[in-house]
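Next up: a single chain in C-alpha coordinates, the form predicted alone.
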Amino acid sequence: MQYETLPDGGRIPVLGLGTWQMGGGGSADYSRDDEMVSIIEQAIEMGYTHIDTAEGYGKTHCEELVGSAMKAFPRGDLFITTKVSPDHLYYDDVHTAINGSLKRLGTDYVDLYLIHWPNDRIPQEETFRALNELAADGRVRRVGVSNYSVAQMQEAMELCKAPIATNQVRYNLLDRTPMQNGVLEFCRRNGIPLTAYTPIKGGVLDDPTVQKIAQNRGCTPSQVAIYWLIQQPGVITIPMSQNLKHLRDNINALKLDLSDEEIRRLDAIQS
(Lines give C-alpha, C1' and ligand atoms only; values in the text may rest on other atoms or scores of the structure.)
Protein backbone atom coordinates (compact mmCIF):
# COMPACT_ATOMS: atom_id res chain seq x y z
CA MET A 1 0.00 0.00 0.00
CA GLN A 2 1.08 3.58 -0.64
CA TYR A 3 0.45 6.34 1.88
CA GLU A 4 -0.04 10.08 2.18
CA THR A 5 1.28 11.95 5.19
CA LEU A 6 -1.33 13.53 7.45
CA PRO A 7 -0.82 16.96 9.03
CA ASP A 8 -0.07 15.33 12.42
CA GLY A 9 2.71 13.23 10.87
CA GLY A 10 0.65 10.05 10.68
CA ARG A 11 -0.06 8.15 7.48
CA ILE A 12 -3.23 7.33 5.59
CA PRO A 13 -3.49 4.79 2.74
CA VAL A 14 -3.93 6.46 -0.66
CA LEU A 15 -6.61 3.88 -1.50
CA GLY A 16 -9.42 3.06 0.89
CA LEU A 17 -12.67 1.13 0.80
CA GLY A 18 -15.85 3.16 0.50
CA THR A 19 -18.87 1.47 2.07
CA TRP A 20 -21.83 3.58 0.94
CA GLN A 21 -24.84 1.31 0.29
CA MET A 22 -23.39 -1.61 2.24
CA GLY A 23 -26.23 -2.35 4.63
CA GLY A 24 -28.60 0.00 2.85
CA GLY A 25 -28.67 3.53 1.52
CA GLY A 26 -31.13 5.90 3.14
CA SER A 27 -32.57 3.05 5.21
CA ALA A 28 -31.18 -0.15 6.71
CA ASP A 29 -31.09 -3.32 4.60
CA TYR A 30 -30.38 -6.51 6.57
CA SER A 31 -30.96 -8.92 3.68
CA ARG A 32 -27.29 -9.31 2.68
CA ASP A 33 -25.49 -8.90 6.00
CA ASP A 34 -23.36 -12.05 5.84
CA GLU A 35 -22.36 -11.26 2.26
CA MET A 36 -21.43 -7.65 3.08
CA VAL A 37 -19.34 -8.63 6.12
CA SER A 38 -17.53 -11.22 4.01
CA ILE A 39 -16.83 -8.67 1.29
CA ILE A 40 -15.36 -6.21 3.79
CA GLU A 41 -13.24 -8.96 5.35
CA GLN A 42 -11.93 -10.06 1.96
CA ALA A 43 -11.25 -6.45 0.99
CA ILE A 44 -9.13 -6.02 4.12
CA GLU A 45 -7.25 -9.19 3.24
CA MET A 46 -6.58 -7.70 -0.23
CA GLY A 47 -4.98 -4.68 1.42
CA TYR A 48 -7.84 -2.25 1.97
CA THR A 49 -6.82 -1.37 5.52
CA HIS A 50 -8.54 2.03 5.36
CA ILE A 51 -12.31 1.58 5.71
CA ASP A 52 -14.53 4.63 5.19
CA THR A 53 -18.05 4.56 6.63
CA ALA A 54 -20.59 6.92 8.24
CA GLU A 55 -23.43 6.85 10.72
CA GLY A 56 -25.70 7.95 7.89
CA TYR A 57 -25.00 4.92 5.71
CA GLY A 58 -27.90 2.50 5.99
CA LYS A 59 -29.23 4.47 8.97
CA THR A 60 -26.18 3.36 11.04
CA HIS A 61 -26.33 -0.28 9.86
CA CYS A 62 -23.23 0.03 7.68
CA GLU A 63 -21.15 0.79 10.77
CA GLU A 64 -22.47 -2.42 12.33
CA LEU A 65 -21.30 -4.41 9.32
CA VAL A 66 -17.88 -2.77 9.36
CA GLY A 67 -17.65 -3.52 13.08
CA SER A 68 -18.44 -7.18 12.47
CA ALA A 69 -15.74 -7.40 9.78
CA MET A 70 -13.16 -5.61 11.94
CA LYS A 71 -13.30 -8.35 14.58
CA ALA A 72 -11.23 -10.66 12.39
CA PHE A 73 -8.24 -8.29 12.31
CA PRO A 74 -5.92 -6.55 14.78
CA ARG A 75 -7.37 -3.10 15.45
CA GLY A 76 -4.00 -1.45 15.04
CA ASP A 77 -3.74 -2.71 11.46
CA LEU A 78 -6.84 -0.79 10.40
CA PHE A 79 -7.50 2.88 9.68
CA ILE A 80 -11.19 3.52 10.34
CA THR A 81 -12.96 6.68 9.19
CA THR A 82 -16.54 7.46 10.08
CA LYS A 83 -18.66 10.59 9.88
CA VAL A 84 -21.12 12.55 11.98
CA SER A 85 -24.31 13.48 10.13
CA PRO A 86 -25.16 17.16 9.51
CA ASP A 87 -28.21 16.96 11.79
CA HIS A 88 -26.01 15.87 14.72
CA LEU A 89 -23.62 18.82 14.87
CA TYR A 90 -24.86 20.39 18.10
CA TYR A 91 -22.48 19.86 21.03
CA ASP A 92 -24.44 17.15 22.86
CA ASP A 93 -25.43 15.44 19.61
CA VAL A 94 -21.79 15.07 18.54
CA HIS A 95 -20.98 13.24 21.78
CA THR A 96 -24.04 11.00 21.35
CA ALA A 97 -23.13 10.33 17.71
CA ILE A 98 -19.53 9.27 18.33
CA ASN A 99 -20.54 7.02 21.23
CA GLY A 100 -23.08 5.31 18.97
CA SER A 101 -20.54 4.91 16.18
CA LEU A 102 -17.94 3.44 18.52
CA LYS A 103 -20.44 0.96 19.90
CA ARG A 104 -21.53 -0.16 16.43
CA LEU A 105 -17.92 -0.41 15.22
CA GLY A 106 -16.88 -2.32 18.33
CA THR A 107 -13.89 -0.09 19.03
CA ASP A 108 -12.94 2.54 21.57
CA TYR A 109 -11.59 4.99 18.99
CA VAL A 110 -11.76 5.92 15.32
CA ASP A 111 -8.70 6.98 13.39
CA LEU A 112 -10.55 9.80 11.63
CA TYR A 113 -13.89 11.47 12.37
CA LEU A 114 -15.40 13.71 9.73
CA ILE A 115 -18.21 16.23 9.62
CA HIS A 116 -20.15 14.58 6.79
CA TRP A 117 -21.72 17.76 5.43
CA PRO A 118 -21.65 21.34 6.71
CA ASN A 119 -24.83 22.63 8.32
CA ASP A 120 -25.23 26.40 8.17
CA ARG A 121 -27.95 26.27 10.84
CA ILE A 122 -25.49 25.04 13.47
CA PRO A 123 -22.47 27.21 14.31
CA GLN A 124 -19.16 25.46 13.77
CA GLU A 125 -18.04 26.75 17.18
CA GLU A 126 -20.64 24.44 18.74
CA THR A 127 -19.50 21.43 16.72
CA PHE A 128 -15.78 21.91 17.24
CA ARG A 129 -16.19 22.42 20.98
CA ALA A 130 -17.31 18.79 21.05
CA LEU A 131 -14.82 17.54 18.45
CA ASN A 132 -11.93 19.07 20.38
CA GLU A 133 -13.04 17.17 23.46
CA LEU A 134 -13.29 13.90 21.51
CA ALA A 135 -9.76 14.36 20.19
CA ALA A 136 -8.48 15.20 23.66
CA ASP A 137 -9.97 12.12 25.32
CA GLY A 138 -8.87 9.75 22.56
CA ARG A 139 -12.20 8.64 21.16
CA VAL A 140 -11.16 10.36 17.95
CA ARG A 141 -7.56 10.24 16.75
CA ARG A 142 -8.04 12.91 14.06
CA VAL A 143 -10.73 15.36 12.98
CA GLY A 144 -11.62 16.18 9.39
CA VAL A 145 -14.37 17.59 7.21
CA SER A 146 -16.27 16.59 4.09
CA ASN A 147 -17.88 18.65 1.33
CA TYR A 148 -16.35 21.86 2.72
CA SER A 149 -15.57 25.01 0.75
CA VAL A 150 -12.33 26.93 1.23
CA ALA A 151 -14.08 29.46 3.50
CA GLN A 152 -15.61 26.67 5.61
CA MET A 153 -12.21 24.99 5.87
CA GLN A 154 -10.58 28.20 6.99
CA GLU A 155 -13.12 28.57 9.80
CA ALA A 156 -12.73 24.92 10.78
CA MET A 157 -8.95 25.28 10.96
CA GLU A 158 -9.32 28.24 13.30
CA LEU A 159 -11.69 26.32 15.59
CA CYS A 160 -10.01 22.91 15.63
CA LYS A 161 -7.23 22.56 18.20
CA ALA A 162 -5.67 19.74 16.15
CA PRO A 163 -4.82 19.99 12.44
CA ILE A 164 -7.70 19.28 10.07
CA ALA A 165 -6.76 15.88 8.67
CA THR A 166 -8.63 15.89 5.34
CA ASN A 167 -11.45 17.34 3.30
CA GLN A 168 -13.43 14.57 1.60
CA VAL A 169 -15.06 15.81 -1.59
CA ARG A 170 -16.44 14.59 -4.89
CA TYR A 171 -13.56 14.53 -7.37
CA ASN A 172 -12.85 12.48 -10.47
CA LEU A 173 -11.77 12.79 -14.10
CA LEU A 174 -15.10 14.27 -15.14
CA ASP A 175 -15.77 16.33 -12.01
CA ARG A 176 -12.91 18.75 -11.41
CA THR A 177 -14.83 20.94 -8.94
CA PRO A 178 -12.08 20.85 -6.27
CA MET A 179 -9.65 22.20 -8.87
CA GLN A 180 -12.07 24.89 -9.98
CA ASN A 181 -13.21 26.14 -6.56
CA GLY A 182 -9.73 26.24 -5.03
CA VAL A 183 -10.24 23.43 -2.49
CA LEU A 184 -7.50 21.22 -3.92
CA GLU A 185 -4.95 24.02 -4.05
CA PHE A 186 -5.89 25.16 -0.52
CA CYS A 187 -5.47 21.64 0.84
CA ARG A 188 -2.07 21.27 -0.81
CA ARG A 189 -0.88 24.64 0.46
CA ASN A 190 -1.81 23.62 4.00
CA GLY A 191 -0.51 20.04 3.85
CA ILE A 192 -4.01 18.55 4.10
CA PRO A 193 -4.71 15.43 2.01
CA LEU A 194 -7.81 15.68 -0.16
CA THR A 195 -9.96 12.54 -0.15
CA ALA A 196 -11.75 11.98 -3.45
CA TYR A 197 -15.04 10.11 -3.30
CA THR A 198 -16.98 8.77 -6.33
CA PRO A 199 -13.69 8.37 -8.26
CA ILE A 200 -15.20 6.15 -10.96
CA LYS A 201 -18.78 7.44 -11.15
CA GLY A 202 -20.58 9.79 -13.51
CA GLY A 203 -19.55 8.27 -16.82
CA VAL A 204 -15.82 8.22 -16.03
CA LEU A 205 -15.39 4.61 -17.16
CA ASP A 206 -17.10 5.31 -20.50
CA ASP A 207 -14.81 8.17 -21.45
CA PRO A 208 -13.03 7.35 -24.75
CA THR A 209 -9.62 8.52 -23.53
CA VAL A 210 -9.88 6.41 -20.37
CA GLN A 211 -10.98 3.38 -22.38
CA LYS A 212 -8.20 3.81 -24.96
CA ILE A 213 -5.46 4.06 -22.33
CA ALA A 214 -6.89 1.05 -20.49
CA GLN A 215 -6.95 -0.94 -23.72
CA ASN A 216 -3.37 -0.01 -24.56
CA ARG A 217 -2.19 -0.84 -21.04
CA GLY A 218 -4.14 -4.06 -20.70
CA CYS A 219 -5.84 -2.78 -17.55
CA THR A 220 -9.35 -1.67 -16.58
CA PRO A 221 -10.80 1.83 -17.04
CA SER A 222 -11.31 1.99 -13.27
CA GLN A 223 -7.59 1.47 -12.72
CA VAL A 224 -6.80 4.34 -15.06
CA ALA A 225 -9.30 6.64 -13.31
CA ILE A 226 -8.04 5.73 -9.84
CA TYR A 227 -4.39 6.07 -10.85
CA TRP A 228 -5.06 9.56 -12.23
CA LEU A 229 -6.21 10.59 -8.77
CA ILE A 230 -3.59 8.93 -6.59
CA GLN A 231 -0.65 10.04 -8.71
CA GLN A 232 -1.56 13.62 -7.81
CA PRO A 233 0.30 15.02 -4.79
CA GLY A 234 -1.86 15.08 -1.68
CA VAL A 235 -4.82 13.14 -3.12
CA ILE A 236 -6.25 9.85 -1.85
CA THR A 237 -9.44 8.09 -2.88
CA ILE A 238 -12.04 5.66 -1.54
CA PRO A 239 -13.70 3.73 -4.39
CA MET A 240 -16.76 1.71 -3.44
CA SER A 241 -17.65 -1.71 -4.82
CA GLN A 242 -19.50 -4.80 -3.63
CA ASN A 243 -17.89 -6.89 -6.38
CA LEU A 244 -14.74 -8.76 -5.35
CA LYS A 245 -13.29 -8.72 -8.86
CA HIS A 246 -13.76 -4.97 -9.06
CA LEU A 247 -12.17 -4.58 -5.63
CA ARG A 248 -9.11 -6.53 -6.82
CA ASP A 249 -8.97 -4.49 -10.02
CA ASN A 250 -9.21 -1.23 -8.10
CA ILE A 251 -6.43 -2.00 -5.65
CA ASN A 252 -4.22 -3.11 -8.53
CA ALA A 253 -4.30 0.48 -9.73
CA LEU A 254 -1.43 0.87 -7.25
CA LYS A 255 0.72 -1.18 -9.64
CA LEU A 256 -0.03 0.99 -12.66
CA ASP A 257 2.57 3.44 -13.94
CA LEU A 258 1.16 5.69 -16.64
CA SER A 259 3.48 7.84 -18.70
CA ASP A 260 3.59 11.63 -18.54
CA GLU A 261 1.99 11.73 -21.98
CA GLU A 262 -0.88 9.51 -20.83
CA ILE A 263 -1.40 11.71 -17.77
CA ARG A 264 -1.50 14.79 -20.03
CA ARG A 265 -4.19 13.13 -22.14
CA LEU A 266 -6.24 12.42 -19.01
CA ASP A 267 -5.67 15.95 -17.74
CA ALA A 268 -7.07 17.26 -21.02
CA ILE A 269 -10.41 15.45 -20.65
CA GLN A 270 -13.25 17.96 -20.58
CA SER A 271 -15.96 17.43 -17.98
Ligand SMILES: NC(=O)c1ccc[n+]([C@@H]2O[C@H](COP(=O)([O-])OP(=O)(O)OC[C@H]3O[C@@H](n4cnc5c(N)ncnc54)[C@H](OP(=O)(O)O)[C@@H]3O)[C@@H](O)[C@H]2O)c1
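Because the structure is a prediction, the values reported are computed rather than measured. We number the residues from 1 along the sequence you see.
A second form of this protein, the form predicted in complex with the ligand, is not displayed here; the remarks below concern that form.
Colleague: Report yes if any heavy atom of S68 sits within 4.5 Å of a heavy atom of the ligand in the model of the complex; otherwise report no.
Modeller: No - in the model of the complex, heavy atoms of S68 and the ligand never come within 4.5 Å of each other.
Colleague: So, in the model of the complex, is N147 in contact with the ligand at a 4.5 angstroms heavy atom limit?
Modeller: Yes, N147 is a contact residue.
Colleague: Indicate whether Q231 is a 4.5 Å heavy atom neighbour of the ligand in the model of the complex.
Modeller: Looking in the model of the complex, residue contacts with the ligand do not include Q231, since no heavy atom lies within 4.5 Å.
Colleague: Taking any heavy atom pair closer than or equal to 4.5 Å as contact, tell me whether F128 reaches the ligand in the model of the complex.
Modeller: Contact with the ligand, no.
Colleague: Using a 4.5 Å heavy atom cut-off, which stretch among 90-98, 180-188, 158-166, 114-122 contacts the ligand in the model of the complex?
Modeller: Every other range fails; the passing one is 114-122.
Colleague: Identify which of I80, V140, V84, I200 has a heavy atom within 4.5 Å of the ligand in the model of the complex; exactly one of them does.
Modeller: Among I80, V140, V84, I200, a heavy atom within 4.5 Å of the ligand in the model of the complex occurs only for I200.
Colleague: Identify, from the list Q215, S31, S27, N243, the residue with a heavy atom within 4.5 Å of the ligand in the model of the complex.
Modeller: Flagged contact: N243.
Colleague: Quick one: name the residues from 8-25 with any non-hydrogen atom within 4.5 angstroms of the ligand in the model of the complex.
Modeller: Heavy-atom contacts to the ligand in the model of the complex: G18, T19, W20.
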